[in-house]
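Okay, here we've got a single chain as structure tokens, the form predicted on its own, with questions on binding and movement later.
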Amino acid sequence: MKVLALNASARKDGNSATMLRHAVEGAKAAGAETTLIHLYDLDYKGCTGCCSCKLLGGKSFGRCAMRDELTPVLEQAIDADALLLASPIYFNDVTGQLRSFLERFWFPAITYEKERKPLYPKRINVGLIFTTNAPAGFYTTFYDNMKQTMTWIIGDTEYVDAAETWQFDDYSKYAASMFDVEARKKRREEVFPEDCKKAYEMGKRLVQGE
């Protein structure tokens, strides 16, 4: 089984990337072949609305017609058996890099036909990882909506998340007095490892099909 993991955080060692690595290790433990890609390493943009992916008889029907560094990643995603996507939450949404990926991954998969049947050749299991500074439960509605959309277009989807995450090595150097640093540190030491375990187990489940 092939698993594609996409880190949509600019930080390769941040909270999102750390949880993603645990999910990848879970997938490997279940016997999967894994590939990890950092989206911020790539030069690409979001959907331009050309609608070539919906042109009947067109050479790009059911595929994004744009050609840039995201093109091979999209093909890998369509060919994968499972996907792991990780992103911090910025202003009530995933990062721009993930949003641009999703626009070009989701839009070619669907048409405006009455049946609304997805075009990709197979269903793909998806695991989503979200991290945020906000309190636990703050973004549950957003997470659920993302899961619903992904399930409809791509395949069975689940998610894990980490809240009130540790952001700075030294909070005193930043304009961040609203945070209880000791509480954040305690959560980093006690709760975040459990969040990583949940990511690991999700990675395993995606491969095992449980």
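Start at 1 and count along the sequence shown; that's the residue number. Small disclaimer: the values here were computed from a predicted structure and weren't measured.
Quick note: we don't show the form predicted together with a small molecule, though the next part is all about it.
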item	value
Phe105, heavy atom within 4.5 angstroms of the small molecule in the model of the complex	no
Partner contact for Thr140 in the model of the complex: the small molecule, 4.5 angstroms, heavy atom	no
Asn133 within 4.5 Å of the small molecule in the model of the complex, heavy atoms	yes
Touches the small molecule in the model of the complex: Thr34 (any heavy atom, 4.5 Å)	no
Region of this chain that lies against the small molecule in the model of the complex, out of 124-132, 111-119, 76-84, 96-104 [heavy atom, 4.5 Å]	124-132
